[in-house]
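Okay, so here's just one chain, in structure tokens, the form predicted on its own.
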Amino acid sequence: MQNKIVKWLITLGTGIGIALIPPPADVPREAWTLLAIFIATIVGSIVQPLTGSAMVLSGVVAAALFQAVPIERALSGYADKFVWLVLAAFFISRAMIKTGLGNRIALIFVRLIGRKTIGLGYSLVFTDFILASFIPSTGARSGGIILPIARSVTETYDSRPDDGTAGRIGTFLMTMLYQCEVILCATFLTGQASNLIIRRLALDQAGIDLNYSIWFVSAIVPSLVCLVLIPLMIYRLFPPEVKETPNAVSFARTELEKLGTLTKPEKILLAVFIAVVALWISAFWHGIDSTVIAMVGISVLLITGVLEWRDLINETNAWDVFIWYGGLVMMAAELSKTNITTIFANGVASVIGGWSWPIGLAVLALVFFYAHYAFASITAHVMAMFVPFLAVTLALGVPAGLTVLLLTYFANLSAGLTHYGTTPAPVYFGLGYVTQRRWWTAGLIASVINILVWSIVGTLWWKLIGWW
């Protein structure tokens, strides 16, 4: 209770302190009040006197109560189409777990390339790659599909966190899977939930629409390079004691035999998955909105009985994200209508105005990346820093496309730094296979590789496809 009171005092003190500061002459009091509520909401999401969703809902209520925005606009975020797209994608992930299709896909990859420890790791990463193409819940992918199989295999080789055998295979596997997870978060628009927030902010602030296909095409080259290099780095610096894993293949084969042939629900879900992803990728041809495509997919799953209505109601993670995402979308949209961001950008730009834009971009991007040490979620990081840093870099004369892509992918990749960087991190770390020191060491080394690859290979690729 005492700890919770301290957290509340930090949150409320932040908001009240900012609200009491006289705003600049050209900033309306309502805009300044909204800024104070927004910053207090972000601080609350970090220290968490309540859950993140509860903090955002409190921020929405405060915005209306203190007349920063009318109640109709305070609730407008929940009508945003991107919010509903995230909701629909979570429902599809529920179907993936319910039918067992995700588990089957993972076992197939393990059976094919799981004879060596590094191949076993890649087999689970390949599974995650497929799932990330349409499931934005990193918790569902990791906790519901990838991690249970990884844990079963590690115990097959008597590698456990509490008896000194973690290094046999578990330490390597858990470290590799998480570091690749953040790369996959960056690879797809559906890689993790707050990517839809980034898409909205990029559209509002820079006029760039990172739709599904554009996001993927821009990310795939540096992503594949990192998905090759990062596992090899971890394998070399933190080698597993067990290098060969034939038992993993036997385990996968046995489990697949138990599953039998594809069930009718699995076949329907597989068809829906292929159709939804294909329509998302080809949206520039047919013009159907991505949210409409996702909602049609959910409707088909309901009509065919693959999902029942209570499955949607019981998908608490989906509704949790719906609450915080809708509230944050509203606050970001309302703040973008003010000139606060412009004032901040002009102030910072005046300090570094003599720098060339490549140097300015490099410094700001590094600050943006390593600031994630202070954040426990990608969402909080994005909402606090994406728009101001975007505004500052644009003020320096950096090409808009280059700026948006670099900040977008860095926001995801930076989550690999710590054991609390994003939702799956505490799940992997909590198993006890990886010490905090080793986790942070691997995260720091991986961050250097990721920064170099996405800054060099990425920028060259984006130049080739015309982003700057």
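In this text, rigid core is short for the largest set of C-alphas that superpose within 1.5 Å between two forms. One-based numbering along the sequence shown. Note that the structure is a prediction, hence the values are computed from the model and not measured.
Below, we turn to the form predicted together with another copy of the chain, even though it does not appear here.
Chemist: Quick one: L20, F389 and L444 and another copy of the chain in the predicted bound form, is every residue within 4.5 Å by at least one heavy atom?
Modeler: Checking in the predicted bound form: none of L20, F389 and L444 is within 4.5 Å of another copy of the chain.
Chemist: Looking in the predicted bound form, any heavy atom of T165 within 4.5 Å of another copy of the chain?
Modeler: Contact with another copy of the chain, no.
Chemist: Mark D80 yes when one of its heavy atoms lies within 4.5 Å of a heavy atom of another copy of the chain in the predicted bound form, and no otherwise.
Modeler: Output for D80 is yes: heavy atoms within 4.5 Å of another copy of the chain.
Chemist: Does A64 reach another copy of the chain in the predicted bound form, with heavy atoms at most 4.5 Å apart?
Modeler: Yes.
Chemist: Is T435 close enough to touch another copy of the chain in the predicted bound form, meaning at least one heavy atom pair within 4.5 Å?
Modeler: Flag for T435 set to no.
Chemist: Considering another copy of the chain in the predicted bound form, which of V427, A400, V27, L57 comes within 4.5 Å of it through any heavy atom?
Modeler: When another copy of the chain is considered in the predicted bound form, the option within 4.5 Å is L57.
Chemist: Exactly one residue in S282, N314, S356, S152 has a non-hydrogen atom within 4.5 Å of another copy of the chain in the predicted bound form; which is it?
Modeler: Filtering the options by heavy-atom distance leaves N314.
Chemist: Given that the partner is absent here, state which listed stretch (427 to 435, 65 to 73, 36 to 44, 400 to 408) has heavy atoms within 4.5 Å of another copy of the chain in the predicted bound form.
Modeler: Selected stretch: 65 to 73.
Chemist: Can you tell me which residues in 309 to 324 come within 4.5 angstroms of another copy of the chain in the predicted bound form, by heavy atoms?
Modeler: Counting only heavy atoms within 4.5 Å of another copy of the chain in the predicted bound form, the contacting residues of 309 to 324 are W309, L312, I313, N314, T316, W319, D320, F322, I323.
Chemist: Does S58 move its CA by 2 angstroms or more between the shown form and the other one when the core is aligned?
Modeler: The answer is yes; the displacement is at least 2 Å.
Chemist: Is K116 displaced by at least 2 Å at its C-alpha between the shown form and the other one when the rigid core is overlaid?
Modeler: Not so; K116 is displaced by less than 2 Å.
Chemist: Quick one: core overlaid, is C180 moving 2 Å or more at the Cα between the shown form and the other one?
Modeler: No; C180 is a residue whose C-alpha shifts by less than 2 Å between the shown form and the other one when the cores are overlaid.
Chemist: Using the form shown as baseline, tell whether W324 and A376 are closer or farther in Cα-Cα distance in the predicted bound form, where the change reaches 3 Å or more.
Modeler: Closer, not farther.
Chemist: Relative to what we see here, could you say if L407 and T11 have their Cα atoms closer or farther apart in the predicted bound form, with a change of 3 Å or more?
Modeler: The answer is farther, because the C-alphas of L407 and T11 separate from each other in the predicted bound form by 3 Å or more.
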